[in-house]
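What follows are C-alpha cells for two forms of the same protein chain, given separately as structure 1 and structure 2.
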Structure 1
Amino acid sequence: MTGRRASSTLISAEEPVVFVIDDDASVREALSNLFRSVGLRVEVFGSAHEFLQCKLPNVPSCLILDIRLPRLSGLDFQAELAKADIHIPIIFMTGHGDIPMTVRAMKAGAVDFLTKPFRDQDMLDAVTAAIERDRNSRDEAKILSDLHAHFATLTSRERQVMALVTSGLMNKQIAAEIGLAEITVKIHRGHIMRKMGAKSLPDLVRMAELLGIGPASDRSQT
C-alpha cells in the first residue's frame, strides 16, 4: 500500500480518522485493512515527513506510530509534535519494546504501547480509547473557546462584577466594594448572565472557574 492519499479527502472528512506511520508497507496494509474492516477511516504514511505534509482534519483522530522510523524515531517524533503544538493521541508499536521506552512514551502522553506481533483486538481497543480521548479533548476545548468568546463581549466593569459575584459576594457587598448603586450592580449582573449564557449562579461560577478569573485580577478595573 502506498503512503499518503490526496489531502482533500482528509480535509473533507467528518468521521474519526486513524493515521498510521510505518516504513513497512505490509504493516501499513494490514492495519489499513483491519481498521477499514470495522468501518474506521484510515490514512497511511511511510514516514513522519509524509505525515507532516498533510493537512490534519478537524475531527477526532489518533496516530499509530512505529517506534523505529527512518531518520527520526517515533519517540523523537512524538516530542516534535508536542513542540509544534500538534496534540493527537499516539499509540506506539514496536518489535523492540522495552521498559524505558514504554515509560518515556506513556509519560509523554501515549495512549498505549503495543509490541509486535499484537492481537487485532488489542489494537482496536487502543484506537477506540485514543479516539474517545481526542473527542473529549476537542469537546472541552470547544467549550472553553466559546466561554472565552462570550467573556470577550463583557465590558471591563461587567468583568469586574462577574469576578466579585462568582467569589460569593452579594449585590450590596459588590456595590460597596466598587462604589456603585446596588441597582446598577443588579443591571450589570443581568447583562453578564445573558452575555455568558449562564442559566444560574452556580453555572456562572463554573464558567469563572474554567476561565480562571477571580476578584484579585479584576479589582483594578474600576
Structure 2
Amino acid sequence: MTGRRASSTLISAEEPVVFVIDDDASVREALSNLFRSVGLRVEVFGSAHEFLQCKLPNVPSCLILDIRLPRLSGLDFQAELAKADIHIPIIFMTGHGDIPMTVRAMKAGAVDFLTKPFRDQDMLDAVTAAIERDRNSRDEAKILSDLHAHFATLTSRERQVMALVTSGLMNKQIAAEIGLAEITVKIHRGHIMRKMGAKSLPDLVRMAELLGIGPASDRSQT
C-alpha cells in the first residue's frame, strides 16, 4: 500500500480511443481522418501483431477490424483476444464477408459488422455504441476489482463466515455450523464489515452477490 491515492473518484470518463487494424493504408488513412474529424483519438495498425505490441490504455476504447486480416482472420483474432482475456468491443468491416461469418462474429460479442462501402455515419454510430459499451464494462470491472481487493484481505475463516452471514444465518447458527462459540462469530463478523468497508448488512449482502458468494462456496463431505 503506497501512498498513491491519486484521483480515485475517477470513473473511466477520460478521452476514448479508437483502434483500427487494416492492411490497406488508404483505409487506415480514411478512418483516421473520419474519427479525428469528430474529435476522437485514433491509433492505426497494419496488422494484428502490431496492435498487440501496443499497450492498451485504461480508457474507453474499441477496435475496428477488417474480417480479412493478413496473417490471421478477424474472427480468429477476436477469439484470440477473448482467450487472452482482452475484452475490447469490436466492430468488423468486410468487403466480401458472408452471413456465417457475421453470425459467428455477432455471437462472439461483436458490436457491429459493416459491409464496405459503408456510410461514415454508420461507422460513427457503431463506434459511439462500442465506446459506450466499453465505458460501462470498465466501470463495472473497476467496482468488481475493488471489491475483490477488499475480499482478498479477509482470512479464510472470515470468508467462510461471510458466506454464512450473507446467506441469512444467525450468529448462533453459524457458530453451530462450523463449531465455534457465538462470540467468535461476532468478532469475525466485525472484522468482515470493517475490511470490506460495508456500512450495513444489506451493503455486505450486495457485495457478496457481486462476488458470487452463495451456498456454492465449499462442499466438503455429505
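Start at 1 and count along the sequence of structure 1; that gives the residue numbers used here. Between two forms, the rigid core is the largest collection of C-alphas that superpose within 1.5 Å. All values reported here derive from a predicted model rather than from experimental measurement.
Form predicted together with the DNA - which displayed structure it is:
Looking at both copies of the chain, structure 2 is the one that matches the description.
Is Ser156 displaced by at least 2 Å at its C-alpha between the two structures when the rigid core is overlaid?
Ser156: C-alpha displaced by 2 Å or more between the two structures.
Would the C-alpha of Arg41 be classed as shifted by 2 Å or more between the two structures after rigid-core alignment?
False for Arg41: its C-alpha shift is below 2 Å.
Based on C-alpha superpositions, what is the rotation angle in degrees of the smaller rigid part between the two structures?
Relative rotation between the rigid parts: 18 degrees.
Superpose the two forms on the rigid core and tell me the Cα shift of Asp203 between the two structures in angstrom.
So the C-alpha of this residue moves 3.4 Å.
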